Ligand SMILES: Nc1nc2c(ncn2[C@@H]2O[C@H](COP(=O)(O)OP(=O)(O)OP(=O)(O)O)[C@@H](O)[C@H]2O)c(=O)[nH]1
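A single chain, nothing else alongside it, follows as structure tokens in the form predicted alone.
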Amino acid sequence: MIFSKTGDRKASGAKIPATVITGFLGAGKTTMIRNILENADGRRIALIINEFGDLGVDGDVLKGCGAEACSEDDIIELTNGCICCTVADDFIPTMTRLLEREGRPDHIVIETSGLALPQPLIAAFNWPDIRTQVTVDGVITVVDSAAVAAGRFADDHDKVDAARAEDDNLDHESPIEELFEDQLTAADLIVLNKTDLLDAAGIEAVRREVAARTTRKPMMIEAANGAVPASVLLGLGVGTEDDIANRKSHHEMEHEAGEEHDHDEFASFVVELGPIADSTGFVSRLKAIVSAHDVLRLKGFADVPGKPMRLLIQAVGTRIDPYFDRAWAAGEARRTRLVVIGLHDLDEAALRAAIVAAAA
């Protein structure tokens, strides 16, 4: 949790607003939250981060952000699982402990995993002990505009339309498409991020594509590098938990139809390496590996000998963004760790061997 100084809502009886920030892998959620924390305007903010896989990279990025409010001890991380599947086991107990603390927050920000369904999380705010104390101020879905423009979430629409004409019962949607649509369907505000990577025509095409993916029509705004004022993101006052029935996910609709929904469509694993002497070459080789194996997301940190700072590596598809984010702390073990995320049929052994070879 991240705190700044202001009054305690418990004494006034007012519900604490909670903002859920969702979006697919690499959309820019963590960067957006970092901007919120650096411009909190005196709010006392509690932050809950849920990550897929057991390497808490997003939490580490925020712990190293350098903002006055960014205390390492005050960030709650729920790693190694999808929060939408572990609401009762993880999220509700976490919220209960948070609400029992002295000096309660003015606002709660929850960053979901890039593979999480927002709907079950929103529904959890109707849990009796939570509903009386917290309300969902709004759900913000962050979209990687460049990825949408590149067709990452879309099949070949002409082929799909042709196939549909032949078979009305054809189920063409992939797990990635479904998840993307579910995150849009849950939104009160959609942020088209990374628009600086597109021209005006590209941005307009993304707007049309995103709008076509949900029957609900939430407001859409554009952003670059997640830079949206906290005053825009916080204080929407929607009370989304009261409208959850109008935001059903593919997951819920399948359950209503008596079908099983399998979350084993995605998999992750961690690769631990030694020091990376040639960081430029390593990043270049990683790009080729990601492209060859259709990795959805790769992220982590690298130890570059002779450099006082750790190298942060973030890959979304074949787009890799390496930069030195902070100095290694005194007594901190310098190491290289990467988490790889992809579909369930990833060839882990081949990927692991390729990454190890790339570091040699």
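Each residue number is its position in the shown sequence, starting from 1. Quantities reported herein were computed from a predicted structural model and do not represent experimental measurements.
From this point on, the text means the form predicted in complex with the named molecule, which you will not see here.
By the criterion of a heavy atom within 4.5 Å, L25 is counted among the residues contacting the named molecule in the predicted bound form. At a distance threshold of 4.5 angstroms between non-hydrogen atoms, N193 is in contact with the named molecule in the predicted bound form. Though the partner is left out of this view, G114 does reach within 4.5 Å of the named molecule in the predicted bound form, counting heavy atoms only. Using a 4.5 Å cutoff between non-hydrogen atoms, N225 counts as a contact of the named molecule in the predicted bound form. Residues placing heavy atoms within 4.5 Å of the named molecule in the predicted bound form fall in a single listed stretch, namely 217-225, out of 91-99, 270-278, 217-225, 125-133. Only one of E38, D325, D321, D294 comes within 4.5 Å of the named molecule in the predicted bound form through a heavy atom, and that residue is D321.
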